[in-house]
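Given as structure tokens, the chain that follows is alone and in the form predicted alone.
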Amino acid sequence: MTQLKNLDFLLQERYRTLRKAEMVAVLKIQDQLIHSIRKFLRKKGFVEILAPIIGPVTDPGIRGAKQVSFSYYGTEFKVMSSMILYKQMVVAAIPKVFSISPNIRLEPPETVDTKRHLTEFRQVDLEQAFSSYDNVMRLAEKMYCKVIEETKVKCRRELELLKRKIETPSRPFRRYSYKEAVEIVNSLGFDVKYGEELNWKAEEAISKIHREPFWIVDYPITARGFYYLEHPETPGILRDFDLLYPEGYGEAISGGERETRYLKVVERIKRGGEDPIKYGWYLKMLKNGIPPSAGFGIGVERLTRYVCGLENIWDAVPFPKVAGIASP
């Protein structure tokens, strides 16, 4: 409670902290990160599109956060928690797309303790038609390394001011299966049951014992959303992934291959306890046929936090919105 009170005071006075040299350095680094990502993706043939902000449904796989609902001309609409369903729509027209997508997730107040959760954030969301999860993981590695390398050069003074020394990692990044990751975190004193998401503390712990980013792949079907594709040869295991930052910074990227079969998606929606009728437009699209695809999202604020070596994610954005605090 004391931490929330102190943070509330700081965020109400944001007009003061924004003027500090360190904050100015962070925002300049963030600008370079976004510029480098855009440049990299355009060179790879990706087209930037405008992300939706509202819609009849949004991504349900948001790990304990709540969606924002409101009446839109008499119909219940949601504020986007992720544009994942819409990415699948547009790759039928343009095979490689990306967007800097705004997201709203009403996180529980205790997420303040993780120091890496915001209720309003942006992520670079991309999707590629006829691509595998291996292909988009390689793309993510190349993008990440290029962006780090460029930012080190272009923002040398800002990084020096922040006393942050960051190295460009070597490729390919290390990969763990979900099963291996569970065994590692449990050896560190956690009790993660097979089939569950790694909790935030467990993610932080496995992240802390690494000096370079690493992948966790092939999550079980019980841990993820209905839109991920199941391995044809290993039922119950998905073709998906997370990239984790090193040094305790936690999750960086989440993504995978998409399930596009109408009946499979309906079955998975029902298994998740939801009503398929809510996803009417999406299911109609699947019935009509869309190309297979794979993609991922990388949070802009989390990337900024890691590159700048910041303790708190609310120092990685000019106007932070934090769970439990009604800040400007």
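As the structure is a computational prediction, the values presented were derived from the model and not from experiment. Note that residue numbering follows the sequence shown and begins at 1.
There is another form of this protein, the form predicted together with a small molecule, and it is not shown here; the text below is about that form.
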Contact between R268 and the small molecule in the model of the complex at 4.5 Å, heavy atoms?
no
Just checking whether I313 would be counted as a contact of the small molecule in the model of the complex - the rule being heavy atoms within 4.5 angstroms.
yes
Is it the case that H117, even though its partner is missing from this view, gets within 4.5 Å of the small molecule in the model of the complex, heavy atoms only?
yes
Is F121 part of the interface with the small molecule in the model of the complex - any heavy atom within 4.5 Å?
yes
Three residues, R105, I253 and G297; all within 4.5 Å of the small molecule in the model of the complex via heavy atoms?
yes
Can you tell me which of 270-278, 297-305, 284-292, 41-49 lies within 4.5 Å of the small molecule in the model of the complex, counting heavy atoms only?
297-305
